[in-house]
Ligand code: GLP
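Given as structure tokens, the chain that follows is alone and in the form predicted alone.
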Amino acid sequence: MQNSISEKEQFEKIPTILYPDADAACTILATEIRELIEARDAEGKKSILGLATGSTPTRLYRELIRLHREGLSFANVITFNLDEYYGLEPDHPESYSRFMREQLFDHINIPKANTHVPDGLVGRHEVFEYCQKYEQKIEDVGGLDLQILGIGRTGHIGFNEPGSSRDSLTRLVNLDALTRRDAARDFLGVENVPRYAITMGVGTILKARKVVLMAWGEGKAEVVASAIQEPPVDSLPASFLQGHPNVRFLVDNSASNALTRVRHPWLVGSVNWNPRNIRKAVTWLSGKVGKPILKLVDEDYSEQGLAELLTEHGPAYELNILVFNDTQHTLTGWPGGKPHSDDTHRPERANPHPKRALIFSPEPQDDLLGLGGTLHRLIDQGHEVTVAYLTSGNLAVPDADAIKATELILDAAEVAGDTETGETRFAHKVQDQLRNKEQFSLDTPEIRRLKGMIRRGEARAACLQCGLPIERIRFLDLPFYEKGRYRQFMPTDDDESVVATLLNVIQPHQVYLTGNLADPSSVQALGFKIVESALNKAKASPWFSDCFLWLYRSADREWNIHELDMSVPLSPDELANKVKGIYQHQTQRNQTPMAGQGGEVWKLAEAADREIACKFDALGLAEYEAIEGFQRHQ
């Protein structure tokens, strides 16, 4: 029997629990796993766990390791992993066998014989029989007590891509193009991502006595909502979980954003009609009925489930005026504040002028994608702008670009007639390391240093395109990134210290940052947490009370109109200049996860800015070429 649901959950076909963040959810789930293990131990039985890989469960595994250090034994636990890339050796840096050892197995007392990860090297003619035996091993130990899942952006669970049937069992599968693009950074390019994988089937997963799916970050919001609220279909394998008698989803606030109870709460019950919710409802209504805000009438509200809002804050005419004015007041061509003017209804203060603006970019290019036009505006209007790159971004540079850079160094030395320099020796050393580098092996410190230099050069060129002098650029090279790799970053106090030092030097009146809604394991989310922590500790500083914090977004995920506190229109020339700036990041044209979703990354950024302008136009406000949006962070 599924758990009973509340009025607000009436459209949800799977019990779903919302948590403030992934850590809170993982703490609860780890405790549940501990109780299962202890109960089975008391019965003299083994605990049978189905485990997932990828970025989603890493926090859960860290919590299980912590519980083990406090005394939890895994000696009587048997595990079966969902999947493995086909063709990868167990020690390959991106194999799931290695992932499980590094993330969990090497840190707990589970017997090696009790762990099972599909073999990615089994011969092609033996795969079918191997998969049958994998199924039989699960049945021989009594079946899975608990299956842990993540969810991919295609809706896959395990590697059950769209088209997988409800009854599918362990098998070899073709990986979806989007799944491969999402893994591109781990493999240093989509061309290196395996095309096949061995995965448990949907039917295998549904045999587990209990299933828990975890989802973090706004990038999972749409697929999570579809899996929970839409009818089960082959094109969305996670939706088949609706038929399981003991399943639940654990999602953080960001991943819940597309659920009806979050996105459209007025459709499932009473609402606290604060200013943000009023604006959210009215702008939604405008789009729903296809009318500008000022043309909405009482019947529109009543017929679309907003009778309560109309009753409490109507009539429609007054609501329309209120929301139209609130939305209009977010628009400003002066993101740093307009000096010597009435700032009563402006998002930024007129004074002081000029302001010190500090823009944090998690990786090079994030800044241009999210606020390239605003950056140019701030500079043109006389503000003291500093761009701080939290990380070097060297992990996203393909080897081919590094080789090209070494050739350039050597050619320049030959032209100068001085081929025996420190620079040429460094270039030769990197060339040798690249030639002898095994496929997919980790970069040496020298290779990473060169790749970081490449990203620095691109960042400088991009900032110059936007009018920012090179001396106003800061490359922080935070240690968590330089010492780590994707999915295995571990920030420390040293990272926060670097950011705190810069804040105290700049003492900004404005801080721009991003990553608050990203997957918690991403560079963007980790960077946000580091900056936020440093800012929280700076609250006692005199400058902090006069500092506004502005959130910006990546190009693949724009704000909804009701979320905006500042909207900066861009002219055609300003938009074109932004695109030219993004274009300077040449190594990222095919490496950014957004690339491939219908166009190059600069085209996606351009389209996103145009889209938000179209939304304003549809509401009946002024028509602009493009708009960059920001939310005030309290």
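All figures in this text were calculated on a predicted structure; none of them were measured in a lab. Each residue number is its position in the shown sequence, starting from 1.
Below, we refer to the form predicted together with this ligand, which is not included among the displayed structures.
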Exercise. Okay, which stretch from 28-36, 605-613, 567-575, 49-57 lines this ligand in the predicted complex, with non-hydrogen atoms inside 4.5 Å?
Worked result: 49-57
Exercise. Might Arg487 be said to contact this ligand in the predicted complex, defining contact as any heavy atom within 4.5 Å?
Worked result: yes
Exercise. So in the predicted complex, does any heavy atom of Gly158 sit within 4.5 Å of this ligand?
Worked result: yes
Problem set entry | this ligand contact at Asp145 in the predicted complex, heavy atom, 4.5 Å | no
Exercise. Taking heavy atoms only, is Gly150 within 4.5 angstroms of this ligand in the predicted complex?
Worked result: yes
Exercise. Taking this ligand in the predicted complex as the reference, which of His376, Lys220, Arg279, Lys355 has a non-hydrogen atom within 4.5 Å?
Worked result: Lys220
Problem set entry | Listed residue (Asp495, Glu363, Asp252, Asp83) with a non-hydrogen atom within 4.5 angstroms of this ligand in the predicted complex | Asp83
Exercise. Taking this ligand in the predicted complex, which residues along 191-208 bring a heavy atom to within 4.5 Å of it?
Worked result: none
